[in-house]
Structures are given as C-alpha cells and as structure tokens.
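What follows is one chain in structure tokens, specifically the form predicted alone.
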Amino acid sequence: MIQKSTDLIKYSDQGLYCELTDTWIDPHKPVKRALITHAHMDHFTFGCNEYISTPETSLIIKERIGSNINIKTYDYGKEFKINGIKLSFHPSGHILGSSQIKFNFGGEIWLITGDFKRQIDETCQEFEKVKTDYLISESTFGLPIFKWEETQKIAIDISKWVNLSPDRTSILFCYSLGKAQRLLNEINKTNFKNKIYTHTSINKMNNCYKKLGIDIFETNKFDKTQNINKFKGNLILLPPSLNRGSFLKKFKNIQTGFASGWMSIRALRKRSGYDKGFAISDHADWEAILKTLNETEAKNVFFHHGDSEALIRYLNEKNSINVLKFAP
C-alpha cells in the first residue's frame, strides 16, 4: 500500500514496481504487465502476460525470441494511460529503441532513465532531456574513475590495432546488440582497409537495425568452417560468450580484444585474458550521470543498477539533491 509520494515506484527482488498502474519495469520474473526499457536480455524476462515498449524494442525482441509475444508499442513522446496514470517513452541513447519512462501522477513527474548514455551514437536516437520531480537513474559506472573518450578515437585505435598486425587474425569481442552496430558505424569512418567478419548473432541484429532504417556497414558473415587463412589480417566481431579456448583453438595466430567500459580499469583489463581492451560503453560515465541529474532539475533521486555509494556521497556533500532509498 502507498504510504507517501516517495513510494509511488518501489523496488523489490522482481524489479521496479508501480502499484497505481500495477506495472513492473524490466522485471526479473514473470509478471502481469511489464514495461520494457530496451531489448537487452538482462532487462527482459519470459512469461509476462503483457509487455509494453517502443516499436523498435518490440521488433528487436521478436527477432531475438520469436513473434509469439503479447506486446503493445508506443512511439517516443506518445502519451498513453494505465489505470488513469499518464506514461510516455523518451529516448535514452543506450541502444536502438531504448527508453526512459515518464510517469505523470496528477502533475507530479517521475522519470526512470533505464540504461542511458550521453555520447553521440548515430545508430540510435540521442538521449532526450526530460524535466522531472523524481528521478530513478542507473549508475552502472557511477564512479569518478569512469570517463569515456570520444568514440571515434576508440574506433581509430581498433583500426590501428588490426592494421599493425597483418599476419594475425584480430578478434574483437563485443555485445551483439547495440555495441556491435555502434562499432561498425564508427570503424566505417576510419581508414580501415581490411575485411570485417561478423558472427551470426551480430548479423541478425545488423539486419534488424536495417529494417528499422539504420544504415549499418556491410560485413562478411563469419563461419567457423571456413578456411582460417582467409581471416588473417582481418577483423572478426564475436559475442563475449565465445571467448573460450574450445572455440578459439582452431585459430593459429590471433590477437583478442574486448570492447567494454570495464576495460578502463587497468587491473581488470590485465586479468581479463584479452590482449587488448577498448573502453567504450553504452552507459553514462560519472560526468554524464551528474550532468543528467542537473538537466532533469530533479529534486529527488534514487539510484539502481550499479554502484551508487560515491554518487550519494558526492551529492550529499553538495546538498543540492535529495538522495532517497527505495521503501522496503
């Protein structure tokens, strides 16, 4: 039962929950009605009676799991109602179709950022600034040590990494949805002269992006039955799940890399087992999180999905925003 306005959206082991709309946001377990911020599988669960998302997220989800799913869609900025409460989706800049979710409780605004980033990414819509009273922000990289370099610089580094090893096969591990398409778009702007091969899961998402009007750089299909000599001097994009000895042992001379924001941590990069780490993330870094808090003009903020201790300490010292904890 709702005791006060700060309890309008709560958090439990099933995820974020709004009692007035009887709706869960990116639930961890099957529920009656689920609002889905984006199509990464750690924000989606099977078995819900009803899903609600943007059209782009809906199409990507159906491409990944099949079309036998009850899902309603609303375009960005299109207001809809559940139990009389007004809601709308707004671009979060994370991946194609990703959304912030705005709740309007009779004039009091709550905004859930979902996963978001503030860097320019031509493969998805740019983050939209939305004013709110209460903000629920992700904090995946909520530490001052996280500060992303320009995406194009990372793409140039990847190109050089491949070009300087013409006798080796360069294998770059990256997430099939979002990261791969962003990397391809940025690498295409460099003087990369080699061939790029992509795994089936990445090809599938590339085709999905194309259906949704996003221009994706054409690549060659990777097939592990092909003659391995044809890959020498070229780049292969693979999902991280394939970074295992049994899969890689057929290659005779390779160098491996991983594209992730976590690669900005030197110790983690050394322990990861990759030859090279490229620090590129589809999440906001420390400065972008603080910038977003300021631009939303929120007076009250909750954090989830990440390490928020440093952010809470910093904001409490500044005494500019009321940092709240979810009611049990």
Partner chain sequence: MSLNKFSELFLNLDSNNSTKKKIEILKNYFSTNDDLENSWSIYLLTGKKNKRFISGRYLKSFFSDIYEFPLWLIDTCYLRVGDSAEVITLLLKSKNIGKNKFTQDISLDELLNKILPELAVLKEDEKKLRVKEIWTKLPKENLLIFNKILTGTFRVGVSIGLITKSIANLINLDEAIISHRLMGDFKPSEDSYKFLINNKVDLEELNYKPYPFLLANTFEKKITEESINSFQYEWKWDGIRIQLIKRLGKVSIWTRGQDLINRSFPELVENTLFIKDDFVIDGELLVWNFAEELPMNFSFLQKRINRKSPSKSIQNKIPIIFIAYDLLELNGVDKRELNLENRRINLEKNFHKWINESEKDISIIFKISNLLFPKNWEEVENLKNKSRENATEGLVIKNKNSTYALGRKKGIWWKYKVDPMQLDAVLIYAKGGSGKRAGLYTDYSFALWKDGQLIKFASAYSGLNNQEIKELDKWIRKNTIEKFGPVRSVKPEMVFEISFENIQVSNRHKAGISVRFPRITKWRKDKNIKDADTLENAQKLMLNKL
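Positions refer to the first chain, counted from 1. Being a predicted model, the structure only gives us computed values, none of them experimental.
Omitted here: the form predicted together with the partner chain. The next part is about that form.
Across the options 52-60, 22-30, 286-294, 35-43, residues that bring heavy atoms within 4.5 Å of the partner chain in the model of the complex belong to 286-294. Screening G84, G213, P144, G107 for any heavy atom within 4.5 Å of the partner chain in the model of the complex leaves a single hit, P144. Within 4.5 Å of any heavy atom of the partner chain in the model of the complex lies no heavy atom of K299. By the criterion of a heavy atom within 4.5 Å, R64 is excluded from the residues contacting the partner chain in the model of the complex. Put simply, H199 is far from the partner chain in the model of the complex: not one heavy atom of it is within 4.5 Å.
In the model of the complex, the partner chain sits within 4.5 Å of a heavy atom of S264. For the marked spot (D75, K78 and K189), a heavy atom within 4.5 Å of the partner chain in the model of the complex is absent from each of the three residues.
In the model of the complex, K270, R271, G273, Y274, D275, K276, W286, E287 are the residues of 270-294 with at least one heavy atom within 4.5 Å of the partner chain, listed from first to last.
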